[in-house]
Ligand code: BES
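Take a look at this single chain, the form predicted alone, given in structure tokens.
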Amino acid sequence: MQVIVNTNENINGTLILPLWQDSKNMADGSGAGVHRSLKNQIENILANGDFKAKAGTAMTLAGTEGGKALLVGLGKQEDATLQSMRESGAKVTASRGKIHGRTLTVKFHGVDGSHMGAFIEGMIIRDYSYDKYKSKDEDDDSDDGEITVHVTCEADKTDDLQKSANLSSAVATGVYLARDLGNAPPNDLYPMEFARQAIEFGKEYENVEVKVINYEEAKTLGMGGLVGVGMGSYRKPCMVIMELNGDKPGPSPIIVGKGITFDTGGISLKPPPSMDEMKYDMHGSATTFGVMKALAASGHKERVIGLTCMAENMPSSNAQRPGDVITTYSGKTVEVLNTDAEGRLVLSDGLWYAGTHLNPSYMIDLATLTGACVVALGHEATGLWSNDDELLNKIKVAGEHCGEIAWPMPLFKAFEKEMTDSKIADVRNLGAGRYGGSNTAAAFLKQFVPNMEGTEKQIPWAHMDIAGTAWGAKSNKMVKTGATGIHVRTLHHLITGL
């Protein structure tokens, strides 16, 4: 989607008219450039109350010599938030059909700059589909080209709105990438294919360097968590490290992603229903890659690192078993009680490597880690745990700003004690009972966060369980279906402040 902001009163293509709830006429100035016939039709509809402009509503007008229009409800002006404006913008993209064409003109009048920016952001983020594997007939003339959006507003707001639209477009490249990776079928997206795409990303940007630790190297390094999970598949595991602006001094933020490209559960096999959705079990890595893409595309100048732990969890004669004890990269041993609690194992190596080799200012891991988190929070919020209250609050605030809720969860000592209560190893990979499973999983990960050099205090770290928000979030109006690209925008905002 191309967005062009100006003060030109001409209407290009279909008129998009955002309206506050219960508007009885077009706002002063918003009728400029609109053909008299179309303007009269809009005024009559508003005066008669045929379109009340409630939030989430839209109405298409066609058939006049003045062209076509799409009326979009913004809801009550006093209730408007950045997220409600994003959702109204997303409604435009969701409502756009062949009748509207690929050229649109959005006319704002009397809307403040941040709300206009959020509206355009919503249009951009919602402009995504995944049809790579769908056949198309030669005579299919469906409307699938790029959309051009002309935006008009008051002259003193155009520069800021264009900058906002440009930033949203740059960040959207990361959101789209995360969605593409999440939606990709597991036979085509496997650990080393993910690595290949990361290498191509490194070639695209001069200030990005990519390092891949392959299976043999991971074995040599003693990454027992990563190796143990992935050794049952002929598509072997790897770790991918993407560094932006590596010439800048650290310490720097590090984002760590769980990347199980398909999760059968291993020997602890999952039940068949919905197992196809386990292609999404790499969305933590998809988000990590998306954040790095968004940062590079938006021109971020500071050092940031994304690290992804990639594996395919398959049952085979060579797969790890319940009852095995593995030695992780940290040197700590883990009793494997359930091979379907595998994401925490690959992250144990990723967190320790990041903390001991990459000079982090803080570490944030993202993982579709537990069904227990979905039980606790549904599909409405990401679970958030941290060993640092300041970092936790910053992530929470960034998520609220972007309309991507991250909800603080407890990290009690009792949960840590439960996970270190193994009779034969340092840590167990499963809690003692069925309760608090997302909390005990977070407590497990905390055991693999190194201390800051020369201190007894851990590196600031946060864990985000996106099992309920990475896909299946029907209330998420920013995406049609499938992978959501969740928290690319949150973490971009956290890191850059933009």
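Just so you know, these numbers come straight off a predicted model, no measurement behind them. Each residue number is its position in the shown sequence, starting from 1.
Keep in mind that the form predicted in complex with this ligand is missing from the display, and what follows is about it.
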>> Heavy atoms within 4.5 Å of this ligand in the predicted complex: which stretch in 201-209, 106-114, 277-285, 123-131 meets that?
In response: 277-285
>> Check for me whether this ligand, as it appears in the predicted complex, comes within 4.5 angstroms of all of S23, A55 and K76 - heavy atoms only.
In response: no
> Among N338, T220, T333, N359, which has at least one heavy atom within 4.5 Å of this ligand in the predicted complex?
Replying inline: N338
> Ok, S348, T152, Q320, T370: which has a heavy atom sitting within 4.5 Å of this ligand in the predicted complex?
Replying inline: T370
> Does any heavy atom of H401 come within 4.5 Å of a heavy atom of this ligand in the predicted complex?
Replying inline: no
> Would L46 count as touching this ligand in the predicted complex under a 4.5 Å heavy atom rule?
Replying inline: no
> Does this ligand get within 4.5 angstroms of any non-hydrogen atom of L430 in the predicted complex?
Replying inline: yes
> Taking heavy atoms only, is D263 within 4.5 angstroms of this ligand in the predicted complex?
Replying inline: yes
>> Could you pull out the residues of 471-491 that have any heavy atom within 4.5 Å of this ligand in the predicted complex?
In response: W471
